[in-house]
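Here you'll find one protein chain in two forms, each presented separately as structure tokens under the names structure 1 and structure 2.
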Structure 1
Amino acid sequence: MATLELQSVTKRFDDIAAVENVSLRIEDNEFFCIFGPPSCGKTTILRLLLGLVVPDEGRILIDGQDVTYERPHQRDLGMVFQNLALFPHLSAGENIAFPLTERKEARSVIKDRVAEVAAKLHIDHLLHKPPAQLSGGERQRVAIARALVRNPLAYLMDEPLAALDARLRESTRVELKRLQRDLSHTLIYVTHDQEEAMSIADRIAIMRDGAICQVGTPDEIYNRPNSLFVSQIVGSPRINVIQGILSNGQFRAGNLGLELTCNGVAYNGAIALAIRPEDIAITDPGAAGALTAEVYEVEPLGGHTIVDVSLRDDILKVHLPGQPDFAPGQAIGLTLDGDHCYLFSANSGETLRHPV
């Protein structure tokens, strides 16, 4: 169990800052997720924590001890790589046992520890098989077991589910959450999948271009984003954004014929108004206060439906429960509540107001 901390850490590769002035504290026994688009610096942070690369500036601490220049084997961290990195000439059991074998642990200790971890991951019946005879999900569990077997201070995982199909990813991330809770260890998980990040993390760090944009619980990130970028990167379907002008509490998007009262912000000028798809209502065409629109496309998803709506030159997404009966080209009315909208500066992207 451990607390890990980066203090004003910067890492450059030639003239590119992969990580720039990042300060981050991961608490003991926390399931912490680092989330962002590809090439934003997520994996570099893991490599810095592991000691595979040394920062150009700043410090790295584990349980308050400065380990900035310590080698990987001195940090006692377990790692699950994206490509899993299993040894093809060893059986699953031998792969799991490898960290203990390298440390010359007693055979009885190795046997007991491998059996214990394999049972937790439900792969005890696979220990005799080589990786080539295992499915993708089974190989992934073997890689996780290899990290768990030596009881390190913390576990680091670099998109270990990326190669799995959607159904297997869903079941495995539930298992990971349960494992972390049972093991009571710090776990740092890197992903570019917002659904993974939101469903398993205690807290999330949102990254962009090597910098931390926001750190918070999934609820805080979703409901109180600190920028337009964060609001757009979290949520499925993606949040709707409409450009316009705010003046004396009145928002106008002239090209759409949209006017909304937006209370709670003393700002005048160009803004981006954003509203979640679940906060837009579809009504009958011509209903009082409704915008005239038409159905562009319908995406039935079983328990819910995404309706793409054409509002003049813009396409907005509306999230509705069940399987409503809409058809492309159908005339509809569209209702937006100004109190349910986020307001962002059109220039900086910073949040001006969360929904009331």
Structure 2
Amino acid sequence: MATLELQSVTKRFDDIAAVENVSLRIEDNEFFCIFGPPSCGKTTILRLLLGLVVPDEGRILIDGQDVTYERPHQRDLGMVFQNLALFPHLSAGENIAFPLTERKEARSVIKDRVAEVAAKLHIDHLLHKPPAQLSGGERQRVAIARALVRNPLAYLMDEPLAALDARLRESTRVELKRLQRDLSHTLIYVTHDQEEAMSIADRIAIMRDGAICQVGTPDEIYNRPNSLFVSQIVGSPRINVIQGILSNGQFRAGNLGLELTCNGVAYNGAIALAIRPEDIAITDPGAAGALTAEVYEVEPLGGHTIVDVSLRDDILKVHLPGQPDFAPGQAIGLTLDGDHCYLFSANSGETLRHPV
């Protein structure tokens, strides 16, 4: 129920800029993900929004109000911390009730609210236990419940599902997405799992070394990355990157014996050509226009298969549906379409052309 905004915010710790000149606007009721590699400043952004750290430069606004120098308890935000930060001396129930008791709510109100969120998160039978006696997943739920028990302007969650195993994480993230829709609240969600970010977010901000690289919907991030870094950080398996020279619309990677025609780009010089694993096709060896390559390894994943193909001294990953029959060492043909490729400047990593 609020918009959150950072305006040219910089925060340094001992000369290292944890967050550098970041401007972000998170809209009302948005499920907003911040995604990036470790130590890129994700947590610091949340701490800035919460008021736990004060920016060195820039302003922070909540609903258009400047709150840059307001204290945490004046901001009315709910938070799930990266390491959960449950109070060890209180039971799970008291932990969840804490935000309400601190705000001097009536006892009956507290009881009802705690019972309600506990039921929603399926932890009603654990309320009497201290955090030390809960499993990792249960603790995580208690931490989420402690944030949800109140009705703040926005929820902030710092990798709230990190302690869960993969299966539980998948089901919980769906629940979380539904929950956010039901509550119709702004939610900022930090994660270092690209699949999680892509699957639940309305919009994603990609961070690197304290700066925002790109902000967009999952579709924009995946299909229209603005840099090599963004294209590499989303998608599994990783996008294939081939270094080479582009001149007059012809891409040439000498070491791979690869030549491709790339339309719609006027750039001449060193570039990085990238192609998603699902855009490469495997054909019979010697088929017209195909490169000669060899199967390096096969990763059958049930519904689809990843085939690692060695092309001279490079290895490309190819994503194929079903369970095709390949054996390591087998000779195959590869077809790449220059128009399905992303082209990035080799120096700056900036996008020169998206697939056409």
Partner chain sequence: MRPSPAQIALRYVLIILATAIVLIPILWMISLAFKPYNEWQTAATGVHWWPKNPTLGNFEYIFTGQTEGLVVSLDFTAVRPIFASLLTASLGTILAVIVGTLGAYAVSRFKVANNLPLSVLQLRLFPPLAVMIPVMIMWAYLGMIDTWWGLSLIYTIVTLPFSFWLMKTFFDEVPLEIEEAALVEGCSRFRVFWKVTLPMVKAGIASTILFVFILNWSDYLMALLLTRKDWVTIPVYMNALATAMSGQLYGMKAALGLIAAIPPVILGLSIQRYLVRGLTFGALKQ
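Take the two forms, superpose them, and find the largest set of C-alpha atoms that agree within 1.5 Å; that set is the rigid core. Numbers given to residues start at 1 and step along the sequence of structure 1. Given the structure is predicted, the values throughout are model-derived calculations rather than measurements.
Note that the form predicted on its own is the one shown as structure 1, not structure 2. The Cα shift for Pro88 between the two structures, taken after rigid core superposition, is 2 angstroms or larger.
Once the rigid core is overlaid between the two structures, Lys120 counts among the residues whose Cα shifts by 2 Å or more.
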